[in-house]
Structures are given as C-alpha cells and as structure tokens.
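This document opens with one chain alone, in structure tokens, the form predicted on its own.
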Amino acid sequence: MKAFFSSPRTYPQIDRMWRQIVFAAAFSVLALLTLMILVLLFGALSFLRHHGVISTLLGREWDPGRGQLQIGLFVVESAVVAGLAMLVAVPFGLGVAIFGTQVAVGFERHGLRWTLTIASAVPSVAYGWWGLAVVVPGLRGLGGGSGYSLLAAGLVLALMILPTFSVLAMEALSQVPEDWHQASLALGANDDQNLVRLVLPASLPGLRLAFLTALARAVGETMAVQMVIGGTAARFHGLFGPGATLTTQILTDMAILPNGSSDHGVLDLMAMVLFVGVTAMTGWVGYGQGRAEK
C-alpha cells in the first residue's frame, strides 16, 4: 500500500481517485438537498390544490380538528418575532463588534471573541430556559398576563443570535487592511470619521452576511421560541400576548398531522415557506455583494 501511494506512476490514479471522492461528496449533498426540496414541494402543492393558494397563505383560521388550515397568522408572527430579535440584536451586536475591533486590544479583544464564540455555541434550549426563568416573569410583572408572548420570544431570540452576529461582524470589520486605517488617519480623519467613512462601508458585504446568518437562525429557531411564546394559534394578541410561529406550529402539530394523513401537506407547506424565505434573503445578500464588488 505504501509503495502504491509513493510511486510516481500512481500519482495520476490517486488524483483521479480523489477527484471522484470529492465529486461524489458534492453530488451527494446536492442530491439530498434536491430530494428534500422535492418532497416538501410535492406535499405543499398537493395540499394547495385541495385548499386553495390565497386562502391558505393569507387566511388566519387554524383548527386542524375542523379542517381549518390557514397559515397567514404564523407567517405574520414569525416575521414579528424575527424582526423584534433583529431590532434588538443588530445594534447591540454591531456595538460589540466595533468595540472588539476598534477599541479593545490584546487580552480584551481575544477574551471578548472567545466569550462570544462560546455563547454562540450554547444550545438553544438553554436560552429558552433562561427566558422561562427571567424574561417571562419580567414581562408578566411589566405588562400583566401570563408573560408568554411574542415579545418574550423576540427577546430570547435576540440574546441567542447576538453572539453569532457579533462574532461575524467582528470578522467583517477586522478584514479592513491596517494600511487603509493609517492612510485615513494620515489624511486628517479622526477615529469616528475613520469608522463611519471607511471601516463600515468597506465591511458592508461581511456585515450583510452576518445579518443574514443571524436572521436565518432567528427565523428557523424552534425550541427556545416554543418555550416562551405561549403556543396560541387562535388570533393575533399583540406583542404582550401569546402566539405561534411557523416553526413552533410545525413542532406542535407533528403529532396531530402525522406523515401520511390527509392534511400533513400543510406542514410541508410551512417548511417550504421557511425555505423560500431564507433562500430569498440569501439572494438579497448575494445581489448586494455583487453590486458592491462592481
């Protein structure tokens, strides 16, 4: 075996073997992704043919026991929860990233990056448990009611995606060459002008990617949201009221609408809506980066 790999005559064979291995790996990933999309798409289209597109996507009536399977309310509440999370996490995360790359030095910078990396790896159920122990009781005392609400879900998600966004934003800001900083300062710019006019614009493609990654995690999160949102699918109760997102409702109704049941396709549709939404956001980021490079 050693002689086979060390012989120059076998180098072309080894190259072909490795090309075949990496091609098989890439093809298998694409094949699995395509299969997943086809399965979801088939189930979603089958469901829409029997229940109608407009009423299903825009309606707000949900009662599987009575055959009312409209997902418009879940789409709205998913957008509200993700929007709240990003509204809180992005400004704070950007501030953390600016401090970590433009102010902190040495141990402070490395310690901050290490802490954020550890926090981004914490399981989502731990954030959900923190929400049960801190956020829900706090909102109960602030606004009355049970405390389980869209606002609670948004705040828990904000804490959960804050480390992820901060780490990626720090990486984006640190990619600006040091020579650019020195040239800007040599031309008379102060630190604030250097940040606003040089660092942030130059880091915009990376910041878009950080935004997309954090948003995708917020949109797709299930367990942490399920623990604090309340799980009410009847109607929109406002920020301080309970609700449900696409992901939490899929989890809730998996047992009610098992695979093979007549209405299981609505869960495929909800998953497909999530997939299309994340794909659209990815396309938006790619389009923005393409324009920035031009």
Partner chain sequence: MTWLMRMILALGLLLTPGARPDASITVMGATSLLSYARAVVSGWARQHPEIRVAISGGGSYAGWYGLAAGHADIALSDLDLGRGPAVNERRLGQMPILFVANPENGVESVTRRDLVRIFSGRVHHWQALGGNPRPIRLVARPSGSGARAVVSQSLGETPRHLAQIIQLSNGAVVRAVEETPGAIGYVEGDRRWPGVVTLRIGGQAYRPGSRGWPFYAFPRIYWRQAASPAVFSLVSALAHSSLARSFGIFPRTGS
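Keep in mind that what you see is a predicted model, and the values were worked out from it rather than measured. Positions refer to the first chain, counted from 1.
A second form of this protein, the form predicted in complex with its partner chain, is not displayed here; the remarks below concern that form.
- Looking at 197-205, 80-88, 171-179, 131-139, the stretch with residues near its partner chain in the predicted complex, meaning non-hydrogen atoms within 4.5 angstroms, turns out to be 131-139.
- Residue contact with its partner chain in the predicted complex: Pro242 places a heavy atom within 4.5 Å of it.
- When its partner chain is considered in the predicted complex, Gly67 lies well away from it, no heavy atom lying within 4.5 Å.
- Leu251 belongs to the set of residues with a heavy atom inside 4.5 Å of its partner chain in the predicted complex.
- Residue contact check for Gly265: none of its heavy atoms lie within 4.5 Å of its partner chain in the predicted complex.
- Contacts between 204-226 and its partner chain, taken as any heavy atom within 4.5 Å in the predicted complex, involve only Gln226.
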